[in-house]
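Presented below, as structure tokens, is a lone chain in the form predicted alone.
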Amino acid sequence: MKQTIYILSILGSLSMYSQGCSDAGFCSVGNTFTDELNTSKNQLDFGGIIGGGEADIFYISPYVTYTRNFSESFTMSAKVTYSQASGDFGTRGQFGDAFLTGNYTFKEKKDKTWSTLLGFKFPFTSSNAKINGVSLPLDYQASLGTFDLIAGVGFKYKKWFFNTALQLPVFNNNKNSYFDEYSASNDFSSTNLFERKPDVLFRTTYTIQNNTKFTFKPNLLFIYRLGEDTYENLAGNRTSIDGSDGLTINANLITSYAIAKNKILEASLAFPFVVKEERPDGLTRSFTAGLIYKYAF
């Protein structure tokens, strides 16, 4: 059971994360203030995610996020990610991406709240990291090397959250040079000069709070890739990767514990149960588990 866990946080009261996300670390992009911390002006999140990938690759992906609450309605967040992959090719770690997002939440009316999100992703790498001069597949890369536009809308009704969003690659700086034909491994697709198509998502979340300390947020996430990804083959022709488009469905459970009025510890466990036929982008995960510490001030 393998596939990307792709999560975009839109509503101000939700801060879920899991690895994969269309890019390593995309998981908690957006307004990271939770219900318990949303009266504070500033928030710092220190998170770490572990996960299993194709060919028994093991991932460790820490990140840090700073969020500024400018008003009751408008919030901005900045995030930096890092990812280390270990497998048969060796171990390679790099800074992945930076994210800058803004979230606007409209006034609540009759238990109903709408919100919007607009953001951008900036890669730190061109997705062509190597080990001992050997080209690596995208599964070992910390970023896909694309500059992306992120746009979304969220709807909250009592304890329910419904989110839809788009991640659109605007500029591709991917310089990956991995060819399956030249590799001793048959576990990964050729991704030379890889180009990824946009993703759309829909997520539904239900919040359970049995006391003032613990909060549980089970959710389902539906992701659809709007076309087949492509790469440049040995002849220099752009080639579609059959089966790289289509639907994936992921399940996620988040549990948070309020340590103090301005401190929260949050754990996440996620896994896929509907997957695409081909997943060349290197975001495949059989599971992810994460831990994040949130401090508001």
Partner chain sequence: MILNLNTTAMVKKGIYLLVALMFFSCEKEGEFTRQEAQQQNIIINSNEDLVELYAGTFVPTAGISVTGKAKIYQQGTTRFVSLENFTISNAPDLKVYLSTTAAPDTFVNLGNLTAATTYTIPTQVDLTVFTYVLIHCQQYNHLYAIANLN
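Residue numbers count along the first chain shown, from 1. Keep in mind the model is a prediction, meaning the values are calculated, not measured.
What comes next is about the form predicted in complex with the partner chain, which is not displayed.
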| task | Tell me, please, which stretch of 158-166, 142-150, 190-198, 221-229 lies within 4.5 angstroms of the partner chain in the predicted bound form when heavy atoms are compared? | result | 190-198
| query | Is residue 89 close to the partner chain in the predicted bound form, meaning a heavy atom pair under 4.5 Å apart or at it? | reply | yes
| field | Heavy atom of residue 134 within 4.5 Å of the partner chain in the predicted bound form | value | yes
| said: Taking any heavy atom pair closer than or equal to 4.5 Å as contact, tell me whether residue 105 reaches the partner chain in the predicted bound form. | reply: no
| Should residue 182 be counted as a contact of the partner chain in the predicted bound form, where contact means heavy atoms within 4.5 Å? | yes
| request: Select from the listed residues 207, 84, 172, 113 the one whose heavy atoms reach within 4.5 Å of the partner chain in the predicted bound form. | output: 84
| Which residues within 219-237 place at least one heavy atom within 4.5 Å of the partner chain in the predicted bound form? | 232, 234, 235, 236
